[in-house]
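We begin with a single chain expressed as structure tokens, specifically the form predicted on its own.
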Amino acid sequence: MSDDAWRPAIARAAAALTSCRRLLVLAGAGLSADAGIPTFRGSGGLWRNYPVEELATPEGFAQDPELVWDWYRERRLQIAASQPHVGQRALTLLQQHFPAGQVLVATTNEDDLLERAGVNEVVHLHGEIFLTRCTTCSWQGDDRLDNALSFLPCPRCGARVRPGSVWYGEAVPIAALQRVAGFDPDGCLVVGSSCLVQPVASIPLELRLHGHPVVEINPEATPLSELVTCSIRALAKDALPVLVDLLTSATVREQARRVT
């Protein structure tokens, strides 16, 4: 989509979201893809090279843990070598300067690019790739320095350790879902998410059903596109800085005040 095509949609999106007091940003793989992190689906997606059953299920890990760990160590190194882009940094500005209230950023991405961009309190709905945790007890450790924890047994109980990702067939951490529910959002910005995986995919739908504005940024149509308040066909790194600039603009705030 050209600039002339998506910029009017940005203005409509800002008008829809500017009165929100508790804005939920729901970030998917497309946000990290703009920083060079491969997505799992679509052209060049990771699942085109590896079967999900081998690398992201408890059964696959039990069958060949070293294969799984080799893949995850490689992904960790790739993420560590990547840098946050302007769209991710724009979310930090949105948190700091959002005029109407609070901004909570929740993501299905496992990487740490949002944290490195300066976003505060990122809710990881599908786990964190740089965590290494025990398969038996509750121990976990930050392994972003050198992957060393992935080569050792659990220091607490001696059991095998695994990546901190949420695998297929596993439940989303209840604490993450409770954090989103407890935030009680009155608007949602969905960025780079295919909205295919439950229960996360139902979050923007529920908000829309309750009459709250939902804005989508995605270069491709998704199952959510026809249901949202406004759908912006653009890359996150291009659209987010423009949208954040409008949302934090004194002019937009004044226009919203006059309308209400």
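Predicted model only: the values in this text are computed from it and were never measured. The numbering used is simple: start at 1 and walk along the sequence shown.
What comes next is about the form predicted together with nicotinamide-adenine-dinucleotide, which does not appear here.
- Stretch-level contact check against nicotinamide-adenine-dinucleotide in the predicted bound form with heavy atoms at 4.5 Å: of 150-158, 131-139, 93-101, 185-193, the positive one is 185-193.
- The three residues Gly28, Asp34 and Ala236 all sit with a heavy atom within 4.5 Å of nicotinamide-adenine-dinucleotide in the predicted bound form.
- Heavy atoms of Leu205 never reach within 4.5 Å of nicotinamide-adenine-dinucleotide in the predicted bound form, leaving it off the interface.
- Within this chain, Asp143 is remote from the site of nicotinamide-adenine-dinucleotide in the predicted bound form, having no heavy atom within 4.5 Å.
- nicotinamide-adenine-dinucleotide is not shown here, and in the predicted bound form it never comes within 4.5 Å of any heavy atom of Asp70.
- Proximity of Glu220 to nicotinamide-adenine-dinucleotide in the predicted bound form falls within the 4.5 Å heavy atom cutoff.
- Of the residues in 94-115, those that come within 4.5 Å of nicotinamide-adenine-dinucleotide in the predicted bound form through at least one heavy atom are, in sequence order, Thr108, Asn109, Glu110, Asp111.
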